[in-house]
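Shown here is one chain on its own, the form predicted alone, set out as structure tokens.
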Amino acid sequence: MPLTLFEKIWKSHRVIKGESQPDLIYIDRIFLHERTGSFALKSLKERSLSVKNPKHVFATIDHIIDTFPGRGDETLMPGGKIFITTMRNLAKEFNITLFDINDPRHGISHLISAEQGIALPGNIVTCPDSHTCTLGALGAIGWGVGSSDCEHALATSTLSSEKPKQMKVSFRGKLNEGVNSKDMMLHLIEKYSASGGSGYAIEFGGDTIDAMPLENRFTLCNMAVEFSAFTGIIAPDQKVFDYLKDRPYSPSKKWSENTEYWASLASDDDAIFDKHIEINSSDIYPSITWGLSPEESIPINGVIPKVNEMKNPDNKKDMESTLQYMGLKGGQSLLNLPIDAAFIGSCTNARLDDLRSAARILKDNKVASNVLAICTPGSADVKQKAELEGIDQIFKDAGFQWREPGCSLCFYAGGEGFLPKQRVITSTNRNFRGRQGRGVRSHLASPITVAASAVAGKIISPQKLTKQ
């Protein structure tokens, strides 16, 4: 029977095939962070349960730790330090590998799972974080779970789940200047809604994906959850194999045998997908959100839909509320809208290629005097490599704060946020009410759009600076 890539991995990990109940699936790796992973470990301890395979469990401190230079065990989150100390103590007690804040391997969980070779093609990796789907760029199933499911996985190395339906999203053709994978996902979600992937595992493909640098693929898979998908995945190729070679946790023996197996991880030619979306990549332009969901986005030279164009009365009411919160009007262009702050970071867009692309915009330019600009690299490895290339100096010379690794201002749970009614252009993945601080108005965009807008002091297309 022909199978999709997802189905091949799922089938190979099925411990028990569910008949009138979900499948029981083996979990290869489990990743924890201090904000939710500590709950799972604490619950295990209270129930006198052990971790089934400590060597396959890893942890980091990324969600609530300060990212200010010279940080210690500090967090601006009230009561947050207990999360850090609890994770540290329980990781030691359960003999779990912890990438602590002074560890050179430290960083955001989804970045370091890949950087360290913890996630491999054909694996199923879980983490109590919805953006675990990032790891699909390696040809792994990244499965975001809740704390209780994480606890079950820790104790048994298994999880039960209904197999999701299968969707193929194909991007074909050459991308326009100034367009990258963030714009591709905003385009997809705007066209097919934030719930368009609900109930599906999505395989991304097409010649646009084939030509894309691996780090851009991480962004695609990362935002599959913003499309409400179970996960996102891309068939592994030579770019993946080259990336994983000699990583600390990558297989050190029988490399050719491993890559031969990984190369077989692709959907069969006659595999059946429940849904197929085809997108012409030349139709995609630099994009930006105007509302409170990635679905509410437009090409940067477009205009916000008008309220009276909404046919559903409930949608009209929601849109009016959204526009009021964002301080905008239907039919308005976002071009030249003044901003107060710019943020480059998060598990979506804080990899080395993201910082390189932003640095090309910032070089020999200055951030507008009225804009607070912050960059938080996604990991210590990204930060070190960026500094070796002089990228940090370009950011600092331009007027950006250069921070330590962590989730930082991606969300307000860490205690640090922007001010009410401040307008922020951000490379993060979510823009709901209060995501970056109470009353903050967040516009999602690619790192180069964020960088260009920071220089201009207002929302502009990155094409405007790249053409100079």
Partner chain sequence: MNWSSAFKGVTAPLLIDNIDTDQIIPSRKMKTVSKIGLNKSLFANWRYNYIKGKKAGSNHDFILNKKEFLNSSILLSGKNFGCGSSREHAVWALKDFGIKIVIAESFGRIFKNNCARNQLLTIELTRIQIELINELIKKDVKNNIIEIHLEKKLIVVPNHKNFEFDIDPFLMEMLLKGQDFIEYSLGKEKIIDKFLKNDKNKRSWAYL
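Residue numbers count along the first chain shown, from 1. These numbers come from a predicted model, not from an experiment.
Beyond the structure shown, there is the form predicted in complex with its partner chain, which is absent from this document and is the topic of what follows.
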{"item": "Of L337, L352, I277, A155, the one that lies within 4.5 Å of its partner chain in the predicted complex (heavy atoms)", "value": "A155"}
{"item": "Single option in F171, W290, F99, W262 placed near its partner chain in the predicted complex, where near means a heavy atom within 4.5 Å", "value": "W262"}
{"item": "4.5 Å heavy atom contact, D28 to its partner chain in the predicted complex", "value": "yes"}
{"item": "In the predicted complex, F68 touching its partner chain (heavy atom, 4.5 Å)", "value": "no"}
{"item": "4.5 Å heavy atom contact, E151 and its partner chain in the predicted complex", "value": "yes"}
{"item": "is_contact(R423, its partner chain) in the predicted complex, heavy atom dist at most 4.5 Å", "value": "no"}
{"item": "Joint contact, K42, G122 and S160 to its partner chain in the predicted complex, by non-hydrogen atom at 4.5 Å", "value": "yes"}
{"item": "Heavy atom contact within 4.5 Å of its partner chain in the predicted complex, the stretch among 357 to 365, 392 to 400, 212 to 220, 139 to 147", "value": "139 to 147"}
{"item": "In the predicted complex: members of 52 to 84 within 4.5 Å of its partner chain, any heavy atom", "value": "K52, K55, H56, F58, M77, P78, G79, I82, F83"}
